[in-house]
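There is one chain below, alone, in structure tokens, taken in the form predicted alone.
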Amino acid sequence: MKIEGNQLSYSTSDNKSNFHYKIHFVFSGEDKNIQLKKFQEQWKAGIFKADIGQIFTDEANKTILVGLGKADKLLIRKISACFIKLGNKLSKLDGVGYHIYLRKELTTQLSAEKLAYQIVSGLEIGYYSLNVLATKDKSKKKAGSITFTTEDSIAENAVKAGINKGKSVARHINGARYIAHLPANHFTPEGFVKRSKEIAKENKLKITVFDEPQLQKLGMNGILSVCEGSDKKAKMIMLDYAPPGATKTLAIIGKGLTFDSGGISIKPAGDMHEMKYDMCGAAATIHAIGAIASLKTKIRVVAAIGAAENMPDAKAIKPGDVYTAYNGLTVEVQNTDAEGRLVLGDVLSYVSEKIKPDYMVDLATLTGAVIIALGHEAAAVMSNNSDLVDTIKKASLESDDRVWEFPLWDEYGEDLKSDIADLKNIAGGRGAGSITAAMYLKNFVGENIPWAHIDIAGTAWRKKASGTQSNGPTGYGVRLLVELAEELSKS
């Protein structure tokens, strides 16, 4: 698969052919690290205090110090965030690499594999440029290699494993970021078909593409109704990774609105251009299965996405219209801008019936309400199964794709009752919008299937970097789903 953007090269032995900045990790309060005595003046002047996440660059000696703070309060999240910045720095240099010293005090306190994984993924995310359609000032700079040095062979082997995982996962994160950032005239539902086929070919996955005639035959009227006002054709795409010996199946579902104008319930003009990001759930879903397959995780994974474009037109679905979903429920569409749940409903019910997965998770940029609640630092998770939520929370801690649990109490579904159909697609009012959207989706999940809905509207893209999330489209969800698959493969 062609993932856009340069990949960095890595080794665990010094590569003399490239000039390196030397990177040292320093704890605050330690004996100033004997090997770094040349920086005593910076210590004394308070220029570098080794606070966690602090970066100090000495250009004269081509040395970069990364602060770790106090040893008993070490946060790998802060280290990873540093390397996003250092990856960005590297993208502006030509023929320059990094020589990273992993001290024994660090690799004994943290998993060397996890540390290398976070460093590599941070570098790759920071190094990758999103300015892919620009024709001017195209830089031809190419970074040198990234060299890791450890103090024992056990740590070196763990670092090698972390490097391999970091490269694979970051490659798919950047792939998701790339297609998410493309404008709607460059990436359509048909674009999802092409990208999914590339991922399937590389990883030898089974792929099934449902075009509009097939969707009509199946009664996928939720997906079809959303696309009525567009000249782009709706798609449902399924990828199937089935490694030998896998005993459990995880289904991951993604919302893929390549542009969402709101339809007849049209959105305000301000920032409407950002609605090209309404497909980030589907972007993360197809790239996550690519990463999971490349890592050979021992669990069957089925990725399914609904791809559509929501536009106003004489043929567009109107507020008050009623359609029949795939599972037979009738839905009154009171707001055509609450369209993602119409798409997801059909996909969820189809996968529930045909695949009967052991676990099912959907990712969607579903509600603005989740941004009001959580800002851009965490996605909301809502589920019908506490064990699955606990596993997602564990995967969140491992991946640093943060989640926060919202309740899914029956009372939140009361206002979804329609006076003309089985359901209406909005509850009305401004309260608990993310939860009532999840309550709507719950109607399309098969009985007894552990399911979780993750609303990523606040984490899928952002105007400035924060922590381990980049600016622009973040690729949120790829790391989370990789870790989730790994955790579930152990059960």
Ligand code: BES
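All residue numbers are counted from 1 along the displayed sequence. All of these numbers come straight from a predicted model, not from anything done at the bench.
Note that the form predicted together with this ligand isn't included here; everything after this is about it.
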item: Interface segment, criterion being heavy atoms within 4.5 Å of this ligand in the predicted bound form, picked from 186-194, 114-122, 155-163, 267-275; value: 267-275
item: Distance check, residue 260 to this ligand in the predicted bound form, heavy atom within 4.5 Å; value: yes
item: Heavy atom of residue 216 within 4.5 Å of this ligand in the predicted bound form; value: no
item: This ligand contact in the predicted bound form: residue 335, any heavy atom under 4.5 Å; value: yes
item: In the predicted bound form, residue 50 touching this ligand (heavy atom, 4.5 Å); value: no
item: Heavy atom within 4.5 Å of this ligand in the predicted bound form - the one residue of 76, 388, 130, 371 that qualifies; value: 371
item: Residue among 55, 426, 26, 449 with a heavy atom within 4.5 Å of this ligand in the predicted bound form; value: 426
item: Contacts with this ligand in the predicted bound form - residues in 375-399 whose heavy atoms fall within 4.5 Å; value: none
